[in-house]
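The chain below stands alone and is given as structure tokens, in the form predicted on its own.
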């Protein structure tokens, strides 16, 4: 069976899982620790899709479908606590009908609630709220969910090499035949041959594509998140309006995560967490839950979204969160290279399925995907050295 090499230890774990189930030999390289990039640094919201119904119907449908699948295959990593979209003023109320219509079109269940019903469910909400809608949001553990994919892929034979940074592609004319890596722990460099290389490096995927002399439509879109101590609500709380800054609160274990801000950047390695973004998150999220205003940051971090730049839109909240994969043989005349970009943690399994289907077509193998129904191993198995025997 062909040897597939994956660059990137984020959504690459879901792809390694899919490909090993289909019988491919898989090697994954990651320049740091697994999930040290974008995939391990999000707020942990398992989207119902409601956040995207105003401007991104495709992503809304993708999120709800994957929400249901992940609850089935990775229940250990998910808290099915539900979510609320709340209206705080007349402008928010004006969006309610369109929100309900968008959810209905995407197949997302909704439950309109009166202010009294919403306050009964979440007493810390702003008592001035005018309306609320319940949706099947949930909370995922950003690390445990993704590690379950890595644990299962490893048990099925995938070789996963961390702290191995790709420094170049092995080119044979206009064909990619492997990668050149440096192992940051040993200091040694080596070439790893492969029948096909998948560029799944997230916001860094442009650098990998440039090694083959080509470009990809990737736009790093950083955002800041803040954790405060305690769960201010038990359900996810969203503001009922088109997606914007400071309009989500996600209860995560014994913390609450305030999110997010967003801007566009050129270099994902130079992204910081500006202090003014932290202050803005407290101010905006206190409109949802007033108690937030008196809290202090427990942790502050940023991460770069790997946005698929399909238009000239410069509003980071308006750029679609959907995903795509490119066969560079058809797109650029470079054989042996596929790039996967865009998407969200909620849709990582679907991203892997679409990419593995493309690899199947390229290798002439018609092997069905089984990741929709295959229950993932516990994330702890990754470190046990128990290879599934």
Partner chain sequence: MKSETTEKKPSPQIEFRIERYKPGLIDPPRFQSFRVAVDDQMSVLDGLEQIRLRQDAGLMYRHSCHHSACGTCACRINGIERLACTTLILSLNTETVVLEPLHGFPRLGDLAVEMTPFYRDIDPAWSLLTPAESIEGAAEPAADPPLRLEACIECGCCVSSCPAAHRNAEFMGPAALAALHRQMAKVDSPRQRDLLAAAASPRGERLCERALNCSRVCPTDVYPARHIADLRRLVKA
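Just so you know, these numbers come straight off a predicted model, no measurement behind them. Positions refer to the first chain, counted from 1.
Below: the form predicted in complex with its partner chain, not depicted.
- Contact with its partner chain in the predicted complex, defined as any heavy atom within 4.5 Å, is confined among 252-260, 130-138, 100-108, 86-94 to 252-260.
- Its partner chain in the predicted complex comes within 4.5 Å of a heavy atom belonging to residue 380.
- Residue contact check for residue 277: none of its heavy atoms lie within 4.5 Å of its partner chain in the predicted complex.
- Although the partner is absent here, residue 266 is not a contact residue: none of its heavy atoms lies within 4.5 angstroms of its partner chain in the predicted complex.
- In the predicted complex, at least one heavy atom of residue 34 sits within 4.5 Å of its partner chain.
- Checked against its partner chain in the predicted complex, the residues 174, 161, 298, 180 give one hit for a heavy atom within 4.5 Å, which is 298.
- Checked against its partner chain in the predicted complex, the residues 168, 190, 315, 76 give one hit for a heavy atom within 4.5 Å, which is 76.
- Of all the residues from 219-235, those having a non-hydrogen atom no more than 4.5 Å from its partner chain in the predicted complex are 227, 229, 231, 232, 233, 234.
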